[in-house]
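Single chain ahead, by itself, as structure tokens, in the form predicted on its own.
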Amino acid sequence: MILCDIGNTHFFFFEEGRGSYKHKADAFDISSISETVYFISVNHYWEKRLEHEENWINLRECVDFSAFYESMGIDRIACCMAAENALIIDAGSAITVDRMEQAHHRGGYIYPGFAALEKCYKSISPRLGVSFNFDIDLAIIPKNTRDALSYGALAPLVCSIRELSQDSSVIITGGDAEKLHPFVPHALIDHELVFKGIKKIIEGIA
């Protein structure tokens, strides 16, 4: 069985015995895979293109969006379905924070991803076009531009996460998980969380 999470720029795959791997979306050849692929997608172009591929099974129709909310991203839903009781953080191009209690979605929010925030600062002034300092101590008020930008980006997010996670476990996934983890050291990093959620969706239709 091959599982796939189709994003805006990459196809993310998982196979038992092989683990996870990815391909760039703009260079991916559908015909390179003849096995059955169970997929979710936030990429409308590829979702439409795969409609007539018999071995590609779109799981969107198998998800009860009413248990979350109608416009919620299916990849975000899959991550939530992977954990019954946890604060789930997906640190990618956007950072999503969701609370699950007894397998029920209690709400969540969306924060700009770190790359997006860096780009935003640079658009204000070229002088603000610096990379964030992820070694910053949030207990100390900054006295230089780089740390001031880093503090402004990180402190509100980290404060919210700490507040929401006081009585629950925390799971971080996504490409920037390692950057965020030092600020939430008790959290578990799980880069295969979305695939665990996809498996639960499949189990629900078996």
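Start at 1 with the first residue shown and count on from there. This structure is a prediction, so every number in the text was calculated from the model and none was measured.
The following text describes the form predicted in complex with a further copy of the same chain, which does not appear among the structures shown.
Proximity to a further copy of the same chain in the predicted bound form holds for all of Arg99, Tyr121 and Ser160, with the criterion being a heavy atom within 4.5 Å. Although the partner is absent here, Ile40 lies well away from a further copy of the same chain in the predicted bound form, with no heavy atom inside 4.5 Å. Taking the partner from the other structure, a further copy of the same chain in the predicted bound form has no heavy atom within 4.5 Å of any heavy atom of Ile172. Of the heavy atoms in Leu149, some are within 4.5 Å of a further copy of the same chain in the predicted bound form. Taking the partner from the other structure, a further copy of the same chain in the predicted bound form has no heavy atom within 4.5 Å of any heavy atom of Phe134. Per the 4.5 Å heavy atom criterion, a further copy of the same chain in the predicted bound form is contacted by stretch 134-142, the sole one of 177-185, 134-142, 26-34, 46-54. Along 58-77, residues Ala67, Phe68, Tyr69, Ser71 each place a heavy atom within 4.5 Å of a further copy of the same chain in the predicted bound form.
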